[in-house]
Structure formats: C-alpha cells, structure tokens
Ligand code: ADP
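Listed next as structure tokens is one chain, alone, in the form predicted alone.
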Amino acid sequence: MTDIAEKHSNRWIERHNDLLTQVKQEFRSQFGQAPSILAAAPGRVNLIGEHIDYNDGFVLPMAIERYVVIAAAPLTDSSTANPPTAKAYSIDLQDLTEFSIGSRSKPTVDTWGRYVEGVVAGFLDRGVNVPSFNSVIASNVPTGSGLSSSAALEIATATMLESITGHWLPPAEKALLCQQAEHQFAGVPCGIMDQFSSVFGKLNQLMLLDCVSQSIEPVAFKADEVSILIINSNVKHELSEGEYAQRRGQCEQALRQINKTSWREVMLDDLESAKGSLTSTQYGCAQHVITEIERTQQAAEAFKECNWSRVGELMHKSHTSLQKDYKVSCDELDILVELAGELGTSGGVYGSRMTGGGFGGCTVTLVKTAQIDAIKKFIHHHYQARTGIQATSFASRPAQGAHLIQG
C-alpha cells in the first residue's frame, strides 16, 4: 500500500470508526469470535442523468460518504455444514437470514437476504467455491431513499466474498455480477449506475458513465466553495418498484415505435415524427430520455468548468422533466425542490432535483458550502410546515468506492 493510499485508508477508518466498532462487536456477540474480514461499499447519489442508465444514456453519479460494512469469517473446521451454509445478520433490521450455498437462479430467502444470496449465486456461477461463512451487516446508507443501499449491500458482499474465496473479480465484472443479482433475486430491472458507482467511486471525483460502452470519464470535483447536499424526504410511496419496471417497459415500447435500436440514435425530430404512433405516456418517457442524455453531458462539462449556475440550471430542468414527462416525482420531492428554488443563488442554492427512482426518497442540491447550515434550517422548517414530515439531510464529498478494511 502506498503512503497516500494508507493515509486515505486510515482517514476512512477514523471517520467510520463507530460503524466498524458496532459491526465487530455484534459479530462477536452473534458468533462468539472476532471477524477475519471487514469489507465496505458506499451508496451513491446521482447528480443528473436519472432513469437513463437502462436507456443507453450517460449518468453523473458519485459515491457518498455513507457505507454498508460487513464483518465476516469463513468456517473451515470439520463441523461445517454440508452443503455449506451462509449466515448473515443485519444490525439495522435485527434479523438473521440463513441459506444453503448452492447454484440457483431464484431466491430461497425473503426480503433483504435475497441480495446476499444473489451475489453468492453469482460467484458460484463463475465456478468459484464458496465455503460456509458467518457475517454481520451494518449500514449508515438510508434505506428506501434512492441512495442505492441495495447496491452497496451487494457490492460489499461481493468484496467480502473476494477475500473469503481468494477470487478477485475485475471491477466491472463485480458490478455486473451484482446488477444481475438484483435483477434475478430482487426482481428489480436496474441499470448499471448503482453498482458501478459503488465499485468505481473515487475521492473528489464524479464519474461520467457511458451506459452503452460502460466507460467512465472522471470529472474532478475538488472545489471547497460548493458542496452536495442530500435531503431525504423520508417518504417512500409503495408504487415505486412496480412503476420503475413499468417506465422501463414504456421506454422500450416507445423505442420500437420510433424504429430505432438505441436511444443514442434518437433525436427530438425523430420523436416528433413518431408522435402519432405513441401513447402520451410513451411520448413523455421518450422526451425525458432524449433530453436527459443531452443534459447530463452538458452538466459534466459545466462541472469541469466550475460553472455552478449552469449546473444548477440543468438540475432544475432535469427535475421538471422527471416530474412532468417521466412522472416519477411526488409532492414531497417537488416541495423540497421548490423550497431550494425559493432560496436561489443569493440564499446559497445553485440547483436542486430529485435523485434515484422517485416516488419519494431524496433530492440532491448544489449549494454554497458557507451557507449549508442556513439552507438546511430553512428547508427543514418549511418542509415540515407544509407536509408534517421531518426531513433529514447531510452533505457529502465524492467518496472512496468498495474496499477491504481487513482480510
């Protein structure tokens, strides 16, 4: 490990010491020994480029300073079950899940355990021998908030399994394995952004991810005068997962009607020519995809130039498109964005938009660092007055991606 890498590692451990202490103590409590492996993977926030990672677009996410941490140890003694068995305990849910380790394409456990089981199955499908293991999971990535807590769990599990098995996957393959786990075991047809963000996150860097070529262009974000503020509406409407799959299907239908093979080939003129053959919902979805692909590339350039007003303008247009064309926002998210807009540049806000799947979750807001406390106070107060719900928020810099802390 280089001196710089070691310094970053020590800083990470110091910053997240409470999470590490919690997971190690719980592991000893659950299994009567110290863990031999500690793995971590971050959630992510997408600054712009929403709902286009599965539509051949560009996205501009960053890993956030919120992590899933897994403590684990393989079982190698003679008492090990045959077939081997995986045990995983969630501190946050106070729930233990257990399943036999075997090649399969569907889950045998419920709820959150499916994500762990799906990643294990992905290793087995690649011919990797996975022994029995015990694990404990802790997280400070808010769940149900659109910050990819599920992807962080998947990537942390894969990173832990790499250490247990000694089989190290190329980073892109690890991300794709975990995406497949989410498709097959959780039934969510997500794009590649969440898993790629958790794997490839870098300190002080956004990533412009081309979801066709899977190539990443780093976009430096070192400016201290601006920060990313993430505000959780603390609502999640139940229709989210079904609507997500529905929107994906509507995009696919619209693309077929336009008679193109990729959204990267579609211009607004093509959309207008095909308008008569599209439903209003298909038309709105298509309009969002086409314009959001362009906005994301423009936003990356504006970040490079530190043109914060331009970034904010593009964020606002993105939210309006998600609200009116793609129809995945909700009243609570719209109120948070409206409140940020009321403050404006003079109040320290450049731009704000919903982030994640929608129907609740979080907004992401580009703000002046010096005014963060005042911005949070204003938005929290007025949001609660209008909705009766207490928002929560935190600021984050671009964070380190998945890594082993021990093992």
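Owing to the predicted nature of the structure, the values given are computational and were not obtained by experimental measurement. From 1 onward, residues are counted along the sequence shown.
Although it is not shown, the form predicted in complex with this ligand is what the next lines describe.
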Although the partner isn't part of this model, could you tell me whether Q257 comes within 4.5 Å of this ligand in the model of the complex, counting any heavy atom of the residue? no
In the model of the complex, does F123 come within 4.5 Å of this ligand, counting heavy atoms only? no
Test of understanding: in the model of the complex, would L176 fall inside 4.5 Å of this ligand by heavy atoms? no
Since only the chain is shown here, I'm wondering whether M193 would be in contact with this ligand in the model of the complex (any heavy atom pair within 4.5 Å). no
In contact with this ligand in the model of the complex (heavy atoms, 4.5 Å), from 321-329, 205-213, 132-140, 281-289, is stretch 132-140
Looking at M315, V119, L153, I231, which has any heavy atom no more than 4.5 Å from this ligand in the model of the complex? L153
None of Q250, T296, S227, S145 but one has a heavy atom within 4.5 Å of this ligand in the model of the complex; the exception is S145
Taking this ligand in the model of the complex, which residues along 95-113 bring a heavy atom to within 4.5 Å of it? W112
